[in-house]
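Shown below, as C-alpha cells, is a lone chain in the form predicted on its own; questions about how it binds or moves come after it.
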C-alpha cells in the first residue's frame, strides 16, 4: 500500500512553512509489545506512522469476540478515518504486537498542511485509492476465497510479517480457528 512517509519530511511537496508546522505537531511515541494504542470507542484524531514494529487492528463484537481487520508493519500508517472525519469513537482497537516506535501526527494538521499543494492532494487521492482497493480485495477474499486460498495469498503478499504474527491472531485474521490454521499450514508444507 502506498503510504505518506513522514520519516523524510523534506521529500513532501510542501512549502517550508507547512513542513515546519508538521514538524512542530509531530510526536515520536513508543509502545510496548501487547500495549493498546487506542481502544474501540475512543476518539482517535491522530495518524500513526510506524518506524519499527507491528500493529494489529481489530474489532470487538458485542459478544466480546475479536475480529482482526489488518496488520500494519514498519513503513505503514494507521488511524481511524471514521473517528478523524466524524469526531466520534474509533470502530476498532489498535494493539502493538511488537515493541513499537511511531511518529504521530494530527490528521487535521496534515490535511491543512497540504491544502495549497496540488502534489500533496495527488498523494492524498492516491493513498485513499489504495486504501479503498485494499478494502475491496479484503472483502473479495473473505467472500470468494477458501481459507486455504486466503492463507496462501496472505503468505505471498506479506512474507516479511507472517513469522512475526501469533498463530491465534493469523487465524482470526483469516476467519478460522487456530486448529484449522495448523491444518492449513501442514497441508501447505506438503505441497
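Residue numbers count along the first chain shown, from 1. Values in this document were obtained by computation on a predicted structure and should not be read as measured data. What we label the rigid core is the largest C-alpha set whose atoms superpose within 1.5 Å from one form to the other.
What follows is about the form predicted in complex with the DNA, which we do not show.
Across the proposed site, 60, 69 and 91 without exception lack any heavy atom within 4.5 Å of the DNA in the predicted complex. Although the partner is absent from this view, residue 13 stays clear of the DNA in the predicted complex, with no non-hydrogen atom inside 4.5 angstroms. Contact annotation: residue 147 falls within 4.5 Å of the DNA in the predicted complex, judged by heavy atom distances.
Proximity of residue 183 to the DNA in the predicted complex: non-hydrogen atoms within 4.5 Å are present. When contacts are judged by a 4.5 Å heavy atom cut-off, residue 18 does not count as touching the DNA in the predicted complex. Of the candidate stretches 24-32, 162-170, 50-58, 124-132, only 162-170 has residues whose heavy atoms lie within 4.5 Å of the DNA in the predicted complex. Once both forms are overlaid on the rigid core, the distance between the two CA positions of residue 168 between the shown form and the other one is under 2 angstroms. Put the two forms on the same core and the Cα of residue 182 is off by 2 Å or more between the shown form and the other one.
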